[in-house]
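Quick heads-up: it's one chain on its own, the form predicted on its own, in structure tokens.
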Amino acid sequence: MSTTSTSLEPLFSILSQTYSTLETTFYKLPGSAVVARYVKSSHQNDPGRTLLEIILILFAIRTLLQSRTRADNSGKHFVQFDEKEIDDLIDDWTPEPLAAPLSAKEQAELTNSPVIVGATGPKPKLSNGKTVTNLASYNFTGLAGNERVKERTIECLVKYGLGSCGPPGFYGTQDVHMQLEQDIADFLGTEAAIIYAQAFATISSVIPAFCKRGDIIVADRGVNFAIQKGLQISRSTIRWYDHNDMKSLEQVLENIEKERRKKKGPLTRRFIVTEGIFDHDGVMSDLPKLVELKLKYKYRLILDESVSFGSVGRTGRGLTELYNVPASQVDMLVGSLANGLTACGGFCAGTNIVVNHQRINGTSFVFSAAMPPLLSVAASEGINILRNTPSILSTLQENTRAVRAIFDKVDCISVPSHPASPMIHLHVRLPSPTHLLPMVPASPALSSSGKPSNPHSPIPRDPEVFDGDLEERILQDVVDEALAQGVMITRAKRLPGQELVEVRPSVRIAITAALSKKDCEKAANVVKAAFIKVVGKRR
């Protein structure tokens, strides 16, 4: 026995020395004392738990070391088919369609869309040979077909060719692009401006260029689809205020600040995002109040003037000119070159820092081909015409007032748009006791239940109730009837199921300065008669 013990002494000595070395090495590791204390306490209180933890650790190590991509090549878990059975299964398989088939309504809408032959303008010719009065196109200033603009673009086409063949940062920028940016900045009174090739992609690129995860955006519930996409891409924290309601906006701003102080959260970048004239209904923002609130609560203002630029103000400069607010008070002023200037693309005006940042971080600017140079020249010439011919906007405003005077007196029509907006939305009021009552919009900030809307949701507490399918059918009948009488109008187009808030169907009227007041009144009376006729059939 003593001989056996003597022979094992070297082994025990080696094991003891190894254990001592491992223990010394373990305690040199940061946090090792905490782990040792936890294991000792756990084993003392519940040895079984220690055993279970060891088993779990070994299982985890085995799982991590085991190959997850190892396939079972034996084939014992597969059902064997012969060639005939495989062919039969393939013949019987019906793949799921990429998209649902068009409904009868959608197919009819595509089929019946009018096609213009030749140049567009106040009185274009359709493919059926009929000449119509155009109240559908965004030709507010009447520059579509302007002879001076055409002359300049033809000269540019001869000199520069057609396309830019590259994004602005990759040899797509030409001197006429830089000139247009300078013209926009000078026209609005900002330090600089940047142009984009697509109007829709402008605001949806500007927002995520500045707003990132962790930033706070306070947005109007009625913003257009392009802004909605920009908000989603930014991944910022979104808070919503009721549509064009400044009391609701201030309430949301106050609550955000109270919440930050309560949680002792850090200061983050904060933005207010809204439109000048809302694309969904033609309502106009109170710009002086927006500027007051953004200064009071230390926010930056992103204002989308895609509709209002080139359509309101003495010379078409938009809300800043209409309300006599310096453009420098708007941090990012976004507009469309396709609406007021009848060119294409969009722009963002602001400080040099704002513009230069977009040249590096604006996705649409960086990755999309620059606009054709001839359209840049067309936009620059359009700005010159607006600057030197203020009578264009005077005519547009006079036509707008004349058309509104006709629509405001029709019982079966309700007009949510601002009186100064040349884009007029018409809702149908059906011949029922509730629909024929005067429409007095309640304050959205406080719903009928007396509680404010939830700022975390784009859905207001008491959303407007309407039968969308019924109203769309009625409005399409109105559009068809007006077209048959020689006036081209359109329903406001929406993306069902994709917009955050369902928008009430409407007929959208676009007033133009290219028509005389008499022509506008005549066309408005045709639309009025179409509404009365179509709605009258449902009495």
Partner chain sequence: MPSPMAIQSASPTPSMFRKKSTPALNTAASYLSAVSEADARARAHGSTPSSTPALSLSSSVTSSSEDTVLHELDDETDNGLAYPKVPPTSEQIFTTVHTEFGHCANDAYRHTSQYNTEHPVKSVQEQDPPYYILLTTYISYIVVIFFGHLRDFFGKRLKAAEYRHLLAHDGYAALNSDFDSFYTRRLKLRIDDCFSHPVTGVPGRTIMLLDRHSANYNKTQILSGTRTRGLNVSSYNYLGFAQSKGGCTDASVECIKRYGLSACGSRREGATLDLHVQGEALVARFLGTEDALISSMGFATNSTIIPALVSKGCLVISDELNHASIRFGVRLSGANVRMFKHNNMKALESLLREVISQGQPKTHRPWKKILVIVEGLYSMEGTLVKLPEILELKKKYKFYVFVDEAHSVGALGPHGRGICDYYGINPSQIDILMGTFTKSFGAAGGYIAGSKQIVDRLRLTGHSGAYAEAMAPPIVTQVIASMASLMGITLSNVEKSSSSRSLLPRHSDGPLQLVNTSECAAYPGTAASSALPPWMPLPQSMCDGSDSSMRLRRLAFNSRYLNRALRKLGFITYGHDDSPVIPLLLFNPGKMAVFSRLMRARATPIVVVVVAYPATPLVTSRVRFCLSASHTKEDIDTILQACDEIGDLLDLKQGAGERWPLHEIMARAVELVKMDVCP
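Residue numbers count along the first chain shown, from 1. In this text, rigid core is short for the largest set of C-alphas that superpose within 1.5 Å between two forms. From a predicted model like this one, the values you see are computed outputs, not experimental measurements.
From this point on, the text means the form predicted in complex with its partner chain, which you will not see here.
Only one segment in the set 247-255, 387-395, 295-303, 316-324 has residues whose heavy atoms sit within 4.5 Å of its partner chain in the predicted bound form; it is 295-303. Here is the short version: of Leu375, Val132, Met284, Val415, the single residue with a heavy atom within 4.5 Å of its partner chain in the predicted bound form is Leu375. Interface residue among Gly468, Gly163, Gly189, Pro419 relative to its partner chain in the predicted bound form, by the heavy atom within 4.5 Å criterion: Gly163. Taken together, Ala405, Asp408 and Ala529 are entirely out of contact with its partner chain in the predicted bound form: none brings a heavy atom within 4.5 Å. His456 falls outside the set of residues with a heavy atom inside 4.5 Å of its partner chain in the predicted bound form. Asn112 falls outside the set of residues with a heavy atom inside 4.5 Å of its partner chain in the predicted bound form. At a distance threshold of 4.5 angstroms between non-hydrogen atoms, Glu259 is out of contact with its partner chain in the predicted bound form.
Although the partner is absent from this view, Asn139 contacts its partner chain in the predicted bound form, with a non-hydrogen atom inside 4.5 angstroms. In sequence order, Leu267, Thr268, Arg269, Arg270, Phe271, Asp279, His280, Lys294, Leu295, Lys298, Tyr299, Arg300 are the residues of 267-306 having a heavy atom within 4.5 Å of its partner chain in the predicted bound form; the partner itself is omitted from this view. Core-superposed comparison between this form and the one not shown: the Cα of Leu56 travels 2 Å or more.
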